[in-house]
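Just the one chain here, the form predicted on its own, laid out as structure tokens.
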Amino acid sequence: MKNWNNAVFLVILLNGKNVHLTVKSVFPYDSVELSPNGREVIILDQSQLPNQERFLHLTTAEQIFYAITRLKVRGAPAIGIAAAFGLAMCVNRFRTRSLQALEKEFLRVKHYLYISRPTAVNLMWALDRMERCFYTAKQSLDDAEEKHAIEVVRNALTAEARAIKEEDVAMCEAISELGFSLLRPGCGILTHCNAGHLAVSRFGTALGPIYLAQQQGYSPRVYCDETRPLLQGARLTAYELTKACIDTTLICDNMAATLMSQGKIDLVFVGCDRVAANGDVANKIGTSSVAIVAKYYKVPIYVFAPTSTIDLDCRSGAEIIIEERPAFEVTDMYYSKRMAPKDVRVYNPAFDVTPASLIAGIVTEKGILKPRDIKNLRKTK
């Protein structure tokens, strides 16, 4: 687990005083769960939304890998939780009486899931934390526990995976409260991609404050862009917000400048998959375009990220590996017929990097940081 010291925080108070508000979930389920016996990972298949709420019961490493790569579970925090749950599930299902064999299987699955998506740092963070838990549990075994070593290790990993999720829930609550302090009654907010309940453990990061604002009677107006090519804004964010009875307008990605020029957008709220030490941010492709336009029209853009998404080992956005997705997501997915010539080349990066200079603030569970202050965070053992 990371500890964060020497941070410089921009803390905004509501009406000049500290307040504590509790965001309520409008969903009766979470997008990713571990079954009570720890032998199944249960996910809401986001590739089927908004037309069908279908839950998948995953029981193998290959199914977890496929669910992550094919975006059946998506959103940086949710990916990390799913990977941790998947690792615990595989250990619980692996039949052996040898702790050495269990360790070998644990490392195999961990390394396999590690490469499922390269940009979202929460994935690697969660899997590395599970590895530390494995060896801590193994080293703590005394003579009496040696006979039950496998059970001890399994229980420790299952508890650690559940703790990762519960900590994420608490992070989202704190982020929602801090983000709420940026809002005013009736304000207009532009979103990009999906950083809501579906992308995390519960509540959301960039959407969490909007839910809280609605619950506090602020009546926010939200414009969610489609977020091509996978339409996370159209399929997922619009689905979430309308379910919460929030005033929601869907727009094409290239309409944001028009709305800003008309004064309809007061703030831009987005999530992210990785924050570099210099404050650069990797998020869904198109975020940097929104940020450039927002800068021109003097509309502040805020990035919402738990501290597990901050990668202090990454000096700048130039070092972030950008995942490239398959061509069919651009040419075929969500179309009844192919919409491009058969032989045309397709470039389909999943993310882009928004420079720190374009970002007004990064909202974490610890506070609202200026991008330049990310470098002041110190990681300790």
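Because the structure is predicted, anything quoted here is derived from the model rather than measured. Each residue number is its position in the shown sequence, starting from 1.
FYI, the form predicted in complex with a small molecule isn't displayed, but the following is about it.
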Can you work out whether the small molecule is within 4.5 angstroms of a heavy atom in all three of P77, C193 and T205 in the predicted complex? yes
Counting only non-hydrogen atoms, choose the one of 210-218, 270-278, 85-93, 102-110 that falls within 4.5 Å of the small molecule in the predicted complex. 270-278
Position in contact with the small molecule when the complex is considered in the predicted complex, options V290, C224, V200, I175, heavy atoms within 4.5 Å: V200
Contact assignment for the small molecule in the predicted complex, among L182, L71, M124, A156, heavy atom within 4.5 Å: L71
Quick check on K284: any heavy atom within 4.5 Å of the small molecule in the predicted complex? yes
Does R117 reach the small molecule in the predicted complex if we count a contact as any heavy atom within 4.5 Å? yes
